[in-house]
Ligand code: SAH
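The chain below stands alone and is given in structure tokens; this is the form predicted on its own.
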Amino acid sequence: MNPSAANQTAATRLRLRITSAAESIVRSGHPWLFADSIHEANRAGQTGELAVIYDRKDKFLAVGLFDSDSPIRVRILHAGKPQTIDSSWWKAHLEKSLTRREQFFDETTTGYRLIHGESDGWPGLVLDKYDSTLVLKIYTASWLPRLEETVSLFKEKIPSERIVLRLSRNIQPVAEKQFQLYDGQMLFGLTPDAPVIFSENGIRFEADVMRGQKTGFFLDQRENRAEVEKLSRGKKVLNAFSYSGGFSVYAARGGAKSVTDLDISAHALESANRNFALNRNFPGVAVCHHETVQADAFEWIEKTPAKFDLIVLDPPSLAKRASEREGAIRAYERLNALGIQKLERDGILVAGSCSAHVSATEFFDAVRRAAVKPGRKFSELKTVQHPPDHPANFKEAEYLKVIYLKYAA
């Protein structure tokens, strides 16, 4: 790693003073310091170095990773009493994240999140485990000068055959130009010649760790997939925005009569077929009628005459930025209204959102508005948010929400 970016001496360390409003925000535990909150710096900062933040009385407030090109100028690592951020600190920091997961999973689940960014104290960094493969995804360039040190720590503390690097689209140009790093690069181990196979509650899935969405699979929906399995016996199931068919395999194992995977991506549907093939050892999967449909989900649901007993609507984020929030809320209401029209009597709707810019209250209310329009009676079974390996410790981290509705016969 670059010593000048990461190991500044006390004399040359980047020192920042911030606005009084920002002081309150940092003290409250929020992990982001925006550029316009900094009113004094002892020098220009370099991306990846530690920035020490002081309050108006020149007392230590926090320390974090500096990013010279991002509106989020500092991502907080530690706030409160001063601490030395050295190799021993990083090892202990990693141990905390790993220890939190020890109670969550048994040997039937080999795919889960080990580090969930800011909420685990690793701002802008995600680490997922797929059996013996680790996938490291980085969302801020401030980790790039520290990558060698970080990967060495992971290799030392987490047994694995390989580590794959995934990069957020916004940092790919600087990663390639300045650090010769690219999305899908092998940081350790051999490049897999096929998708990586892992287990989730005994079900086998493939993960496209090199090019797939997120880090190769949607690990955050594990608990909801298990819930759909419990609800699926004897039912005709539609899994819209199905990606690689995670909900569908669970539904089939749970005794679904038939499952339809609906996605605009042929590549995703091919993966769904392979995931079904991986699990033919389960009687339910072996006998379930599985169909794939490549189409725009909004258009297909609106036009199809088919009806279903259970519909999963889990689209990709409909609000990539705050300015798209109102449009996303309307789109969620429309999508779920369309889905409800395709439910048989006594049908169940499972509606999800992964849009961080749409709050849980806004999303749940949009689905409820859609639910009352057909004039049919329904009951709300439950609402859920983040699973335990994807904690959300501040507002902007709260992206996942799912609501379950059941219609009367």
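From 1 onward, residues are counted along the sequence shown. On a predicted model such as this, the values are computed, not experimentally measured, just so you know.
The same protein also exists as the form predicted in complex with the ligand; that form is not shown, yet it is the one meant from here on.
Colleague: Flag Ala297 as yes or no: does it have a non-hydrogen atom within 4.5 angstroms of any non-hydrogen atom of the ligand in the predicted complex?
Modeller: Yes.
Colleague: Although the partner isn't part of this model, could you tell me whether Asp314 comes within 4.5 Å of the ligand in the predicted complex, counting any heavy atom of the residue?
Modeller: Yes.
Colleague: Is Ser232 part of the interface with the ligand in the predicted complex - any heavy atom within 4.5 Å?
Modeller: Contact check for Ser232: no, nothing within 4.5 Å of the ligand in the predicted complex.
Colleague: Verify the contact flag for Arg225: yes if a non-hydrogen atom of it lies within 4.5 Å of a non-hydrogen atom of the ligand in the predicted complex, no if not.
Modeller: Arg225: yes, in contact with the ligand in the predicted complex.
Colleague: Sort through Gln213, Gln185, Ser152, Ser258 and report the residue having a heavy atom within 4.5 Å of the ligand in the predicted complex.
Modeller: Checking each option against the ligand in the predicted complex, the one that comes within 4.5 Å is Gln213.
Colleague: Identify which of Trp122, Phe276, Phe218, Tyr112 has a heavy atom within 4.5 Å of the ligand in the predicted complex; exactly one of them does.
Modeller: Looking at Trp122, Phe276, Phe218, Tyr112 one by one, just Phe218 meets the 4.5 Å heavy-atom criterion.
Colleague: Out of 289 to 297, 82 to 90, 125 to 133, 102 to 110, where are the residues with a heavy atom within 4.5 Å of the ligand in the predicted complex?
Modeller: Answer to the contact question: 289 to 297.
Colleague: Pull the contact list for 256 to 278: residues with a heavy atom within 4.5 Å of the ligand in the predicted complex, in sequence order.
Modeller: Residues within 4.5 Å: Asp263, Ile264, Ser265, Ala268.
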